[in-house]
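This document opens with one chain alone, in structure tokens, the form predicted on its own.
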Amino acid sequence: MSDEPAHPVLALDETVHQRIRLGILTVLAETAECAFTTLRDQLQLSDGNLSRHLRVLEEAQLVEIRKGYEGRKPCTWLKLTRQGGAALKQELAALEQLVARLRATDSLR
């Protein structure tokens, strides 16, 4: 093995790094709680597509899903967990290291 530090790409998290899931975590980091419909509209997803990604994030304990009613209308609210916030920070740090590495070699012209 080499004494070189690991490549920053190895720090990317498969669960978080997926484009839609990264978007979900980012939107949820911007607010205390978000309605399912608001998130769906912001990310321009279908109900089914958003639900599937939320299930993955919930199983990883990165988001919390709360169901209830607004008046008589069913509503789903989403919240970033502490673990989700930490995972998002780690992902962003890995991406920043990757960009810094490329800039250091002047690869990004």
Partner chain sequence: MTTPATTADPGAMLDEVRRLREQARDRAHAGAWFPVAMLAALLLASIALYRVPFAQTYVHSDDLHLWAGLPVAQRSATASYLFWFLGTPATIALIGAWYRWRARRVGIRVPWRWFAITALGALAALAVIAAMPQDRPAPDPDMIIAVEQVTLLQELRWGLLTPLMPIALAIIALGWVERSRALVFAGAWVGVITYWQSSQGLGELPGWLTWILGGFQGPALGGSLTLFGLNRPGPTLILMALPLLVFAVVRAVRTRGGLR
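Positions refer to the first chain, counted from 1. As the structure is a prediction and not an experimental result, all values here were calculated from the model.
Below, we turn to the form predicted together with its partner chain, even though it does not appear here.
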property: Touches its partner chain in the predicted bound form: Gln83 (any heavy atom, 4.5 Å); result: no
property: Any non-hydrogen atom of Arg101 within 4.5 angstroms of its partner chain in the predicted bound form; result: no
property: Cys34: touches its partner chain in the predicted bound form, heavy atom cutoff 4.5 angstroms; result: yes
property: Leu54: touches its partner chain in the predicted bound form, heavy atom cutoff 4.5 angstroms; result: no
property: Its partner chain in the predicted bound form - contacting residues of 20-41, heavy atom within 4.5 Å; result: Ile20, Leu22, Gly23, Thr26, Val27, Ala29, Glu30, Thr31, Ala32, Glu33, Cys34, Ala35, Thr38
